Structures are given as structure tokens and as C-alpha cells.
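Next up: a single chain in C-alpha cells, the form predicted alone.
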Amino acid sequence: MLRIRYMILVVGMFLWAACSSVPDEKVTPPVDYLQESQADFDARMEWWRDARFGMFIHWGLYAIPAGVFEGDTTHSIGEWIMQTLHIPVSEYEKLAGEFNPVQFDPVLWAQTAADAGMKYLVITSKHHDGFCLWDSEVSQYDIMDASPYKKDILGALKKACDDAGVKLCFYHSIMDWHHPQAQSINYPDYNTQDKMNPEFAQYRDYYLRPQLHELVTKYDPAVLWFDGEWIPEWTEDQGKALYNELRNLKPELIINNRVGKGRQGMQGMNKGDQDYAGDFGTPEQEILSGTSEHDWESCMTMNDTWGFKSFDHNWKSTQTLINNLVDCAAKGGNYLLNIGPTAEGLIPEASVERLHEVGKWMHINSEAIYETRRNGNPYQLDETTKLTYKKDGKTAYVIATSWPGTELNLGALKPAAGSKINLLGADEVLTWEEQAGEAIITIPAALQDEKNRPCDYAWVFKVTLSD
């Protein structure tokens, strides 16, 4: 049942494409942020582009079954177990009474992200199963009311992230399998138009929107990362209205392209037939094959699932994770790397080990990732040698994901005359010379011995560019 103050809130919310609100001459008209200037957009996106690397966290009730419910095993991703095993709402919601993550340590989570070199953290405030990780005013299906834990997970994580210098962001599902007026599990054929929930507008206006207001006003997230926009009830007009509503709450908020209907499947970038809502594209489990003039962020798992699944041990190697980070940065995108904590609140040890290794690499080489821009420059010398550029355009970083041997040919890259070239993490200045119009770096004999190299996995050569 709605609380009175939220009934008042909804009446005064932003004008929607599908309905109008009561005019009030004393209220400042909302800004149409869909008409934002390029300069304002660039200023708002600056920190996000500088960051390049973030942590994704999928955590909720689905961590309890961890891929197995009453003896039935899901062969899909862990957080979709309610849908893939057709678990009734009445049965699945009982898991809330078991969710008691007493080993959740928000300080450790935030510091783990920071130590890995991640600048922002995106956690599932509510996934498709509908369970909320904060004390929602419009629902009892949340961490405070339905679980024995009774602590504000998002509040604790907000403080920890602030202390660690990591920006807190929220994933939020537009669809909701638990709410009876939403696109629920009772409508499994969610791509079939005749299965649309006729009461979806009630869910949207009296549940989805108030919850998003709560998240923005209580926790001040840097990014809202939407998902579940593919349901037929959701339209581009609703996405644009929601985008504007949330930006009017917090003008500097960044919102992904899944707020509307623009993205093209897992490839994640917007279709080209019209202007869609959202600030950046969202390739999922893949990296763009080339570059894009638009902002984008590749979200990827460490194994094969987003939410914790106890028997998924198909972990990507640290080498692969670093290669992915470098590939994203070289092509002008961000890398959002997922962890799926256990029901107790622990980050899987395999994830911890890999994040530690990535952090060691970033400690030496982060300047080749942070504050870089492609700006139309080439992004690779070859498949194993990528290029990033400082946003002032004066410095290039040549990142070799396999050891180049005794020489490294910079191809068309032109170092400034008389400039020094360094291998990040090494004290020795490297010699180079121009041969037939191409700069060749000589790599000394000492560095041919692996134990003398400053890091593992990938090596960064810093080049001052000619004007």
C-alpha cells in the first residue's frame, strides 16, 4: 500500500508522454535534457570517460539457490533462475526470509574495487526478480522488511565507496517478475504483444518511478544503469520521459541507453533510425570490433554468470581480463567487470585473486588507461599491440599484450624529436631511432629476462608525440 507522502510525490512528478500532470505556476518548469548541448554533455561525461574501469555487482536473492532450486539445476545465468526454472512468485519470495548476508563487508567491497583500479561501482539495487537492497517506501519486498538482515545495504555501500574514492552507481530493472502489475513471471512470453500487462502504467507510476526517486534522493548515485527495457510494455517515449524526470532530480546524473528502446541486442549500441534516450551504449559480454563516435561501456562477467552460481568455475584468466581492459580503452570505451557475491556476502575467491592481479598491473600502468581518449587516432599497431592517448593528445601509450622481443616498431606513430621513451615501471630510458620513416624502439637485453620486467600480462611504452 502506498504511503501518503509518495501518493503526493507521484501527483507532482514530471510530465509523461502518456499522461499529463496538474499545472502549477509556482513550480519551475522542468528542463528538457534531451536537448542538452554537446558542451554540457561532454562536461557531464568527463569523469566517466576518464575512469575507463568499473566494477559491476549482481547480488540478490538468486545467490541463495546459486543455480539450483529444489533439486532442479539452471543451465542459464544465476540471476535468471526464477524465470528459467519457472519458480512461482509465492515460492521464490520465500528466499527473502533466508537472505541474511552477515559476512557482507561494504568497506572491503569498496576497497577491493579501488585496489583493482576501478573508479566506479554499479550494484543491482533491484534486479528482474524485484527484491530491493534498500528500505523502499513503496514496498515490503526489500532488505529491511522481508529479510532477517534488516540493514541498509546501499546506504552502507554508499559510505564505503565515498571513503574509498569510488563513485557508487545503481543498476535497476525496469521489468519486475514479482510485482503483479509489472511484466512478471506470469507473463513468460514477454516478447509477445498480446501478453502485455494491462496494469503496467500503475506499476510504472506508483512503484518504479517512486523507487527511482528514492534511490536518487537518498543515495545520490553517479550513474543509473537500466535493464529489462525489452518488455513490450516499455516504450521509447516512456524512456525519454523517465530520462528527463531523473535528470531534473539530478542534472549531472549519467544514464545508460537501456532507459529507452535504442540498443541493438547484446551489441549494445543504438540503432541508427532515430535519436534515443541514454548517454552511453552497453555492449554485453563483448567488446566493439572497432571504434565508435558514441560513448560506450562493455559489461562482462569473470566466469559465465552475473549472479553467483556455485558450480560455474569457468573463470577468465587475468591475462584475458587485462587484455579486455586494454582493448576497451584503446577503442574509446569503458570496461565494467562483474562480480557475483555469495548469499553470505563474500566475493568469490577466484574473483578476489584476479582483481588483485589486475590491481597490481594497474598500480604500474594506470596512466595508460585513465584520462585517455581515442580522438580519431589509430587504436592498434597489430592484434597484440594497442594504443591509448592522453586526452591532451601529447602522449601515446603503446600497450603490448605479448612481449615484443628486442625491438618494437611504432609504425605511423611519430615520437617528438629528441624525446625519451619509457617502459612504465622501469627506470631505464629506452633508445629509439627512425628507420625508413618509422620509429624503432630498442629493448635492452636485461628486460628479455621475465623476472626483470616491471609487471606481467602487458607492457606499456610511453611515447611523447610530435606536434
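It should be emphasised that the depicted structure is a prediction, and the values quoted were computed from it without experimental measurement. Each residue number is its position in the shown sequence, starting from 1.
There is also a form predicted in complex with a small molecule; it is not shown, and the following applies to it.
Checking Tyr149, Tyr206, Tyr379, Trp80 against the small molecule in the model of the complex, a heavy atom within 4.5 Å turns up for just one residue: Trp80. A heavy atom within 4.5 Å of the small molecule in the model of the complex is found for one listed residue only; from Thr342, Thr84, Thr318, Gln202, this is Thr84. Among residues of the shown chain, Val102 is not one whose heavy atoms approach the small molecule to within 4.5 Å in the model of the complex. Taking non-hydrogen atoms only, Ser76 approaches the small molecule to within 4.5 angstroms in the model of the complex.
Interface membership of Trp306, defined by any non-hydrogen atom within 4.5 Å of the small molecule in the model of the complex, is confirmed. Residue contact with the small molecule in the model of the complex: His128 places a heavy atom within 4.5 Å of it. Of the candidate stretches 225-233, 286-294, 241-249, 343-351, only 225-233 has residues with heavy atoms within 4.5 Å of the small molecule in the model of the complex.
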